[in-house]
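Structure 1 and structure 2 below are the same protein chain in two forms, each given by itself as structure tokens.
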Structure 1
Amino acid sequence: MTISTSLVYLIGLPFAGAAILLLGGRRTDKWGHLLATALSGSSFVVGVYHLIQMVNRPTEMRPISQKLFEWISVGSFNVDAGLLLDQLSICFVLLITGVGTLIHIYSIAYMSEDRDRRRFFAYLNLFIAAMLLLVLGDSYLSLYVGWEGVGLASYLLIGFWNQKPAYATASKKAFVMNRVGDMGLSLAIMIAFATMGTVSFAGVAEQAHHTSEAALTAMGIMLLVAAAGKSAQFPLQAWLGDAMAGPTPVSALIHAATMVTAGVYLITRSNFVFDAAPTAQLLVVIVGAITLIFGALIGTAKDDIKKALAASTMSQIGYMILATGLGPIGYAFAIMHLITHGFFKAGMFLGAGSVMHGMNDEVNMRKYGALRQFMPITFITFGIGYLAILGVPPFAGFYSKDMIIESAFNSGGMQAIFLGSLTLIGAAITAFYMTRVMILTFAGTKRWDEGVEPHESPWLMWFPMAVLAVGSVTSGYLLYHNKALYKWLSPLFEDHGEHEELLKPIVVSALALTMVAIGVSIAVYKYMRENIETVAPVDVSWITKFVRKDLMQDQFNEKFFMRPGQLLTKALVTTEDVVVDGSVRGVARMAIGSGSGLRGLQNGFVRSYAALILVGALTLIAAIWVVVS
């Protein structure tokens, strides 16, 4: 492993931008957005430079590290604050800074009328810096700092318009649910320290072969809890839909390309833990499988365009989590889908923002219709993302999602057919609700309110959408061709040999495209008509009502976690008040009562003192008499 002295610039540039804009205040309003965009772009350039250098080095010399300073030194436990750039982290660095810079450019126009635009860009830079620290840290502790930094930045961005109570509530909900997941990461770090004496990735990887399976299983489960919180996976997925309250560029940055993929990174980075803990690995598969169906079902009933895309994100991250649970056969394909998803989903979120920009911030798709005539660039770029997420060849999702479906079928054992079938069902549901989004937004006849005048967005908004659309077309093939990404990442994962091929790739592709065609056909049949109501019908089946309420996830959390938590808190408060504080107060009352009683004897009257002396003398005489006699 070689040493680099320039990794700090990757994080330092956007962090410096955040510091300048936050500390500079209103004095930086006129040019703050330009500085933030330039620094994010500069970080991307540094990342490209490191990629070129990495490609030109032998495989074993590609990872580079940098020690920043001695962080913790207690007895035999020593942790250095350091950075690690290898084949996995460089993928995330380029995605974070590349897509992040495009979102910065988009935001220049999107937030142009907001008086706090400078603060918004400061938060964007802070988020980029924290996310880079998360993927560049060389230990679980360094990762944890970035992990919490991302949580803080997302809280600030989701609640950016916190003058609206609903937005403030959404940011708090995201923050609290992420903290639940963060407890998992904290406990995983403690387990690593207690059982292995180290928290560095290299140290844990080395010690994993000498650590009990029980300890590794416990650590793996805690890492999964952390991943579920950050990546909105079951059962910690309820925050993602409400997080759409923030400005649309936030949705593209956090909920498409970066933050929600942190859980995928964590599990992939911890491959040495999960490969040695089959039970934890199985739980990863189960969580991913549940979430990909869960999110897809929710997406079928959303009329809010951003919430429909958020449900889609939840489902697609479910595909990635499932793939990581398949072990070495799935790690590279999870990252491939993560990268392609970053392009097409960020593009669609920006497209949703473009639609809102031209529709007076209206988010209800039932009040859209026929926008392809008024917003042709948005229609084309959004449509490319739509074809990519469906997995239509030659668009990016065809390569990445099909590889996950193929890996599920070829995972071996009795689970293979079941998992493969679930991924195909998810593909069909995805095709249905995404076609529904396309039809309600861009097809049919206009259904918007009077006074609304749809129009195309300025070039600063559609240019990033166009670049992302190009990535949505090309990225899948480039990563898939000649197994490019698989070969790039394979040195980081332990090779378990060849896997049994249950279905040929051509068969998997045919099945996936058939399911996509079924989903598209149902959506076209249901929604390609002239009488789409601008208000969702109330007289619907109980299943539709159930799905509209997000499968009752909030109600479940309230009944089984929030209310019992309140009762537990009240019980603890009562116990503390009665037992702990009550004991202290009881001792105090006894002391006060005793003092009050004795104080009555010290009244200052001579006759009282004489009486006491007489009583004492008589008592003494009586005692002597008893002893003598």
Structure 2
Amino acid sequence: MTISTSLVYLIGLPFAGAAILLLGGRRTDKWGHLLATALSGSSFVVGVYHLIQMVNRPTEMRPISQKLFEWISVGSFNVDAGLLLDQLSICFVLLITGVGTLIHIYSIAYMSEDRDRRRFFAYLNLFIAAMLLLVLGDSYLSLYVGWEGVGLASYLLIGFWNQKPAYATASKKAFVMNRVGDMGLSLAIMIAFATMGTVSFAGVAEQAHHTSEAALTAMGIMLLVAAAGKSAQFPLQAWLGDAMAGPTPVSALIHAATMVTAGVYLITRSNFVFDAAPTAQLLVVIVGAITLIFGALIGTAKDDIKKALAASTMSQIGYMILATGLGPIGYAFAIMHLITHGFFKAGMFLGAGSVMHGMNDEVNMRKYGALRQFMPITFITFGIGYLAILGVPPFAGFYSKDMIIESAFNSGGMQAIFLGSLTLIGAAITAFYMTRVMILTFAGTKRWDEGVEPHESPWLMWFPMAVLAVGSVTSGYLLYHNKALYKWLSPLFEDHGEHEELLKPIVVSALALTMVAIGVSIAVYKYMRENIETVAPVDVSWITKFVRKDLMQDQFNEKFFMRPGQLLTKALVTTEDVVVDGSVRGVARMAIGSGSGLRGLQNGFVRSYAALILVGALTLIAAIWVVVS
């Protein structure tokens, strides 16, 4: 372990940006966005510097740490606020700062008309700082601070246009559902403290071997709840679609590339817990599998381009969670898919933003069409992202997604076939809905509203899209080549040796491509020849209606959590009013009543007081008399 003093700059620079912009107020309006972008960029430079340093060190010397200060010191319980940069963190640092900086650049143009652009950049910087703290913290407690920080930034950015009540509600929904997950994380931390007496990653990793499986399973399940909340996994997935209320760069950065992947990071980081708790691991797999199908299904019915992409994000993170649940063979591939997904999904969101920018902020895909000629650059970058998410070779998604499907097939036992089939079906549905998005947006006939004149976006916007498109093409091969990422990360995980191979990689690839081809064909068959209505048809099968309603996720939550919760609250309020307040008021009323009754005795006449003393003495004597007789 190497000691460093420069890690704090990674977090400090964007945090300083947020502080300056928020405290500086309107004075910083003119140059605030430039400062924020520069600080985010310099944080990226520091990250690259650390990567080069790390690559040049021998494997066991690669993780570096920095102790900031003694945070909590209570008896035998000590928590130092420290930072830890290892092979896993550096991937996230570069993804966060790299994609983050690109999105800062994009936002300069995208938000140029907004009068609150400075506040937007302040929140973006705050998010970068919090996300870096999340991935750099060396204990669950530091992680928790970052975890809450990104939750706050996400809340602020989803509700950035909070003058619209629907958007404010969406941010509140995201915040509340995230709290459920946060509860899981705090419980996990408490379990770790109660059973192992430590909350640092190193400490827990060391203690995990001596701790009972039950405790580790409980902690793992709680960590899974946390991950589900933050990463929009089943059953806490409902907030992500509404989170699209935020400005599109926010959707690209927070709700596609970085924050929502924090759950994957958390599970990967806690590999020592899950490796020792097979039940929790199985639950992770189940959650991932459900979400990947769930998200994909929702994606097929969305007409809002951003919500379709959000559903896709949910589904892709389902893939990652599934991979992490497979144990040591899956961690590296989950991270790999996370990185490639960060590139292509951010690129596609920026593309969607570019389309909206050209279409007067219209988000309904049914009112797009034939944009290929009017937005060539957007079409090309979006198209690259599309090919990448489909998993067409040699684009990034081909490598990362295939690895996950392969791992699923190779995870052993009966579950392997089941999981592998699910991932293949997921890939087919993904192909279907992404093709649908492509066709509705860029092909077909014009279905625009009156007065809409689509145009290509300024270079400040297409430049980041182009960079991300390059990443979407190359990142997969670079990370896959020579098992580069796998070898890079493997010192962190305990691999239990080779696994049986159910299917050869080439067979898996062929199967996956076949499924993708089927999905694309259905989409082309359904949407290329048909005249698309600008309003979604109503006379559809009940399955379509069901899917359009997000598989009843909101209705389910409302019926089973919100209504009982309200009933409980009402009951508690009544109890509080009648029992608690009632008793308090009763005591008060008793005091008032007895006071006003006894006030008659206080008449100011000494003699009546003396009479009362006499009565008191009589009572006393009478008591004695009773006792004696």
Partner chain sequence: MMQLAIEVGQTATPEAVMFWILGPLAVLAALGMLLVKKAVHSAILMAFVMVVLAVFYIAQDAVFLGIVQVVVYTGAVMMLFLFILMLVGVDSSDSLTETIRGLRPIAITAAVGFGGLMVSLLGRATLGRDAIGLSAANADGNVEGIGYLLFSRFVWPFEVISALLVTAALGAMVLAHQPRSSKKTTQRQQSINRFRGESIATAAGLPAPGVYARHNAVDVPALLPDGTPAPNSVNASLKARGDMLDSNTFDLKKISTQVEEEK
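In this text the structure is predicted, and so the values were computed from the model without any measurement. Residue numbering: sequential along structure 1, first residue numbered 1. Under this definition, the rigid core comprises the largest set of C-alpha atoms superposing within 1.5 Å between the forms.
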query = Between the first and the second structure, which is the form predicted together with the partner chain?
reply = 2
Core fit, then Leu23 C-alpha moves 2 Å or more between structure 1 and structure 2 = no
message = So that I can tell if Glu70 moves, could you say whether its C-alpha shifts by at least 2 Å between structure 1 and structure 2 after the core superposition?
response = no
ask   = 2 Å or more on the CA of Ala571 between structure 1 and structure 2, with the rigid core superposed, yes or no?
value = yes
note = Expressed in angstrom, the C-alpha movement of Ile621 between structure 1 and structure 2 on a rigid core superposition is 11.5
ask   = Core superposed, what is the CA shift for Val580 between structure 1 and structure 2, in angstrom?
value = 3.4
